[in-house]
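We begin with a single chain expressed as structure tokens, specifically the form predicted alone.
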């Protein structure tokens, strides 16, 4: 029996292909492309106080070994060893891709013409250059099988301690490929705990902060809205290391923000060694991007900073970078203004607007902005049902024209601004009838309306020309239009582009690129005009849009109490100089809340101050207070636009909110304090430890806009060490009481 079994086994082996017969048969062969060996070396991307250290292995693999405090001798990482093996291929890949041994979340996922999904990138070289305080490092990677090439570009802003990374992808092969995901950056960090703070929200409740300890599951922050990319989530975060609590002043914090106004995705994934990989970029949702042979794709920038003095330090780094160049006209002082919207809505005449201008000039404001409702003749813009797309002046409502209004404003010493919403069209419009193919739509399906309007297809160059023309013609309505409020009041739904035909996967990317093409042309022709980025309020608050816009309309919700959290959380990532904050009427038109006029002014004065009401409805006492608040704001607003922000007391912690701005030379500061709840009679003044002052200098402290101060030391001079050490304790006991203090070094 045994002999029979052996004979059967031998016969079966003889039937196997020669390549599977073991040592005596032909061996299994699999040809592989040889990967050139390279010199093991360290690449250090450095700022004045931080280092991102990358290690190039002999086999060409690129690994992130450190991001944090500056390392004086980064070459020491040549001897660095990871604390676990590489069994799962998850060891600190600087730019992880789908393929090879990597099984985690990829920064790049490519599908090739033969159906393969595997990419393996190897280092081929790098170069370093320097210009205007920014050191640029470009690292070249290549897949030797397919010819795909990737450049990792790091711009390290030295004084600001900010690193901006983007990726350039080149199809070096002979056949087309498809980019399934294509992130801007991947960043590995190593800590025991990771506290993620990010912002969510909706219309009139944007930028609501939320913190959570990250576990080992994949955490994703994403937007699929198309146009209003930040109305739900903002493409930004704070990451506190080795702590369970967000601290303004202590501990290591990494802040990040994606400069992109379309769909985005931020992911956070711990590997089995507890290192966290942060990937940020364009959302891959319905966005597989074809790349022909020889074609190149460049991602938007992902901006990072590291600080060891808490969230406040990380925020100040980003704010300094933004004022230096991350925001168009960053740090320039923009004028105070009166906007017509909540004061007149659609129901105005020339006379209405002239009288509002008179009041604006009389209160010391510096600009008047005509909001929605000034255009449309066949389909007059008397409500939001009609007129979008037909950008001719409504001759019945404004027979004298826009030039007449602008000249009147300038004659009163005011600048003049005007509202447009060029990305949209009402079905009830001449434009919709003339060019139905310009509307985003899917064949055979309903074109859904939002706010009674459709979205124009900015992937189409003809539509881009039209939208640029809207801006251009609006600017030519009067010789001196100083300000444009650019609105965008709905998301993309049931997306589809007649122009793109079968290439619909490109829609979300090319819509945003089309928007940027328009904005780029605008800035080439109109570099001086102030542009506000408004999208139903805070629906487009990102560093991509801010490359072309001076400021954002932070929220349609003008209620001062609601603005506490909105403006507080916006300041995590974005500087005060971009936050338009307006004083409006009570009961508030969104929340129906009633708050004191001084509280409303004191809140709005922490950003670019404006008013959003009918001045004729102010009482004489309110008018006098408004004049006083506007006048004092002009004395310290340079600190809001150019100074460093210190968040002193979080509104999330209890009954108070306090913040301050300090000049770069620490000679001046302004402090804002607010009571959000009632305090018992037994509670004394709230002790607030100021920050950022020079402890060796004395500062005169003067409360603004009051005859009787809420602080015992008003008008006196005190040491910076005293004010920072606990000597400052204003008494704010009633709900919605507030105080502003100007500090001047003696």
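A quick note: this is a predicted structure, and the numbers were derived from the prediction, not measured. Numbering follows the first chain given and starts at 1.
Just so it is clear, the following notes concern the form predicted in complex with a small molecule, a form of the same protein that is not shown.
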Task: Heavy atom within 4.5 Å of the small molecule in the predicted bound form - the one residue of 512, 305, 489, 570 that qualifies - done: 489
TODO: Could you spot which one of 137, 98, 536, 460 gets a heavy atom to within 4.5 Å of the small molecule in the predicted bound form?
DONE: 536
Open item on the list: Tell me which stretch of 481 to 489, 356 to 364, 616 to 624, 160 to 168 has a heavy atom within 4.5 angstroms of the small molecule in the predicted bound form.
Closed with: 481 to 489
- [ ] Answer yes if any heavy atom of residue 341 is within 4.5 Å of a heavy atom of the small molecule in the predicted bound form; otherwise answer no.
- [x] yes
Open item on the list: When the contact criterion is heavy atoms within 4.5 Å, does residue 521 count as touching the small molecule in the predicted bound form?
Closed with: no
Open item on the list: Can you tell me if residue 553 lies within 4.5 angstroms of the small molecule in the predicted bound form, counting non-hydrogen atoms only?
Closed with: yes
Task: Any non-hydrogen atom of residue 419 within 4.5 angstroms of the small molecule in the predicted bound form - done: yes
